[in-house]
Ligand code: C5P
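Next up is one chain by itself, shown in structure tokens, the form predicted on its own.
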Amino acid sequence: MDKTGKKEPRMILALDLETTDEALDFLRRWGKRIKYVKIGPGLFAQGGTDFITRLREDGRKIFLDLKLHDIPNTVAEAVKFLSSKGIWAITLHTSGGRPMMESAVRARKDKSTLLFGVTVLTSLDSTSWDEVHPGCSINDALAKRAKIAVESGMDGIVCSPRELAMFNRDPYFGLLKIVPGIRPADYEMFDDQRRTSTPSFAAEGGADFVVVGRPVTRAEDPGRIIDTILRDLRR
């Protein structure tokens, strides 16, 4: 918490590694300061809930980023099961619609498991968005999807750092904001993210959590990058 009383954003480390063994080894070597970790479809497919249990036993909070997107009953059954496993947060894709999100909220077995709605993938820019959503601007979709997430009882949204300002006013008050696409200021490696920004920009914009993966996991000195990001978030 800073001098104004505002909580500084917390960092979520995306375990963007090929195997569960690599992920566990990386955390042993570099993860002493990391509490929150993101598990995506690849590692979850390999390790399942046993892998999640192992991470939880090490004191980690699990951000399970599966972007669930299906008919309401199917998503509700998945959320019912996953929320019984002590997972901190699960993602759904808001494009699944209001009935899907409302069903998921009702289905939570453990109400302490948070549900986050993914708005628009940070890998999409306006050109790639228009190819698959003709006639609807990316900003209109972001605003409408986040509003439905609020009305459906979701706990928060996942959005790019560039759209944070949009969600710092009514009707979005109370939504937690997880922000991927975070890149240190000196990060030069090409990747598939498009709508990105720095840790300090996200912090100033009102992010509650920032997600950082490859800039850390592929760094020559991951510890230095982690320290830099945490320092930027505290500024």
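Here the structure is a predicted model, which means the values were calculated and not measured. For every residue, the number given is its place in the sequence shown, counted from 1.
Heads up, the form predicted together with ligand C5P isn't pictured, but that's what we're talking about next.
Using a 4.5 Å heavy atom cutoff, 38, 121 and 183 all lie near ligand C5P in the predicted bound form. Here the chain stands by itself, but in the predicted bound form one stretch of 59-67, 45-53, 197-205, 25-33, 59-67, has heavy atoms within 4.5 Å of ligand C5P. Using a 4.5 Å cutoff between non-hydrogen atoms, residue 146 does not count as a contact of ligand C5P in the predicted bound form. At the 4.5 Å threshold, heavy atoms of residue 10 stay clear of ligand C5P in the predicted bound form, well away from it. Using a 4.5 Å cutoff between non-hydrogen atoms, residue 226 does not count as a contact of ligand C5P in the predicted bound form. In the predicted bound form, residue 92 stays away from ligand C5P, with no heavy atom inside 4.5 Å. If you take 202-223 and check each residue for a heavy atom within 4.5 Å of ligand C5P in the predicted bound form, you get 211, 212, 213, 214, 215, in sequence order.
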